[in-house]
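Okay, so here's just one chain, in structure tokens, the form predicted on its own.
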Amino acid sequence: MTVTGKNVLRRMADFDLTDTQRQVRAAVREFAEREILPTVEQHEREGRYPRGIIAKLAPLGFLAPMIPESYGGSFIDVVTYGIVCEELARVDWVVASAVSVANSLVGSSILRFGTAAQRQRWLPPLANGDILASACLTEPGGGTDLAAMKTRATQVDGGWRLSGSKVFISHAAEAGVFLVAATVDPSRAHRGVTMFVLDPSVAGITSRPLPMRTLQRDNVAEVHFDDVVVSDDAVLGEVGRGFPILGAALDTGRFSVAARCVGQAQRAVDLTLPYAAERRAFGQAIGEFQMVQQKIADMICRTEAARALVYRLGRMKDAGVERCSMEASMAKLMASEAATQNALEAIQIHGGYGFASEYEVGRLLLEAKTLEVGEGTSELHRKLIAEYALELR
């Protein structure tokens, strides 16, 4: 018996997608399997950042799906953007992350809150792939508590001086634009947060690789700002009004992260079905054992439930709902936990081979857990969901 997973894919929760959205899914999937999949494991072993592959996304319209055509992007709608992230992440977390950061965190912030000059300076090179983006938000002692950041922004003649450190920063060594969160006054908590958009080559900015047990090909970094002087036009939005910018960016960021988690959850299913059909024990395929079937059924249901939440969130954004914070937390929470649990189940079904380097499922687990922690831990999102429901927010 041979199982490819195609029947499952045909039944995924896309009954309300347009023909164009289905065509985008098919095109991104074909590209990912042809151009990305053959080198993912090698890049991981070598710690090689997939810059060349990311460059191939721009001509196809996959690099800037949230940047308007007037700036060189390929914007259609938010749901389509989620599909792009989902299908890329189904094959490679890092390539999908480059798209997610450039669009959800950095590009959307510049588009919505930037001046005309800032939009014209940064959006076209982001859209055509001349530069990549990095969001310098998380700090060594802060983590999820962004209002408690220590990176200082001090006003000087004609501009600002930035001092502090950021950690777990993806794409830092490859980026041509940084979105940086700093505070003008730590005592003011979130009311002191100010956002900056700047060139990473400015004097005083240094980055160094952060040793990680996973995502070697992402070159996750620590970034240090040592009395970095930038002009006033580096301020994004208003001084002391950076927290709403951060909130809007994270709303969209959590959508794209959730979409990426759905892709990874689907990948665990795709890898497990043929293995369970072909691997034999006690004279039969292990997929014929009831306990294995239960795990597979749970994996599929988990993935479809997460996908439905992600698409619902995308449709809300396409309908013009200003803030979808509760729904963003719901989608991110359920999708990230689905990706982690599916990877665990995939390893269990693969048995010892789940830890072998020739099988992907072991790598999927560490990457999925990273997404469960990034852009807000599960504990934070459960707290947020409950507080919105109780009208405490």
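Here the structure is a predicted model, which means the values were calculated and not measured. Start at 1 and count along the sequence shown; that's the residue number.
We do not show the form predicted in complex with a small molecule, though everything after this point is about it.
Heavy atoms within 4.5 Å of the small molecule in the model of the complex are found in exactly one of 165-173, 311-319, 78-86, 184-192, that being 165-173.
Taken together, 92, 343 and 350 are entirely out of contact with the small molecule in the model of the complex: none brings a heavy atom within 4.5 Å. Proximity to the small molecule in the model of the complex, defined as a heavy atom within 4.5 Å, holds among 74, 118, 138, 219 only for 138. Residue contact check for residue 379: one or more of its heavy atoms lie within 4.5 Å of the small molecule in the model of the complex.
Though the partner is left out of this view, residue 383 does reach within 4.5 Å of the small molecule in the model of the complex, counting heavy atoms only. By the criterion of a heavy atom within 4.5 Å, residue 17 is excluded from the residues contacting the small molecule in the model of the complex.
Though the partner is left out of this view, residue 273 does not reach within 4.5 Å of the small molecule in the model of the complex, counting heavy atoms only.
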